[in-house]
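First, one chain by itself: the form predicted on its own, in structure tokens.
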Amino acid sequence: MDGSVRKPRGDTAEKILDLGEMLIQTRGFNAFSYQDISTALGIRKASIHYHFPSKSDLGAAVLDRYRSRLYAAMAGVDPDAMTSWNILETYFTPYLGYAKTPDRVCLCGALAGEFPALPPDMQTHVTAFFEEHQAWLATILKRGRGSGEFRFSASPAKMARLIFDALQGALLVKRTNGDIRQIKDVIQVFKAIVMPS
């Protein structure tokens, strides 16, 4: 959202970004090469370098686009038309979507596992994603507690960390055993914790 990454244009660049995102989510950033993209898309590596001179440039562009989509989704939430729980249910949707795939996880969750080996610009994106994500969650939780929808004793920031970390971890565990209940149970228990009985 900071606009520091050059916005690629054109169908080829978008296909490269789509595939790069999928490869990061399923393999990790350091486990694929431009040759993988070249082979999958049927284009020359020079075409990839034209749009993204280095793999670091590609990774930063993938992250920039991913964060932009998240911000657009957050901005599209109308708090006047939705309860706080409905907003959180909307927030849970991408997690449930990833859980229905064989091996995809949150992009930034995948990158967190190899954070020390990431280029500095990608580390900045991942850190910002986690901070902004949790801050947004804390705002929704604070709103829900203020309206009486939610009851919990921890601070909204700590509760946001709990749900965010639980969902990210559940996606990783689900990838190992294929059980979508890893995600559904986290959501169900969270609802039981915060919703007044």
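Quick note: we count residues from 1 along the sequence shown, nothing fancier. Worth saying up front: this structure is predicted, and the values here are computed from it rather than measured.
Below: the form predicted together with another copy of the chain, not depicted.
- The stretch in contact with another copy of the chain in the model of the complex, judged by heavy atoms within 4.5 Å, is 162-170, chosen from 42-50, 162-170, 58-66, 139-147.
- The closest heavy atom approach of A112 to another copy of the chain in the model of the complex falls within 4.5 Å.
- Under a 4.5 angstroms non-hydrogen atom cutoff, another copy of the chain in the model of the complex lacks S33 among its neighbouring residues.
- Contact annotation for M195: none of its heavy atoms lies within 4.5 Å of another copy of the chain in the model of the complex.
- Taking non-hydrogen atoms only, A75 never approaches another copy of the chain to within 4.5 angstroms in the model of the complex.
- Looking at another copy of the chain in the model of the complex, residues L88, L96 and R151 place no heavy atom within 4.5 Å of it.
- Shown here without another copy of the chain, the chain has R181, Q182, D185, V186, Q188, V189, I193 in 181-197 lying with a heavy atom within 4.5 Å of that partner in the model of the complex.
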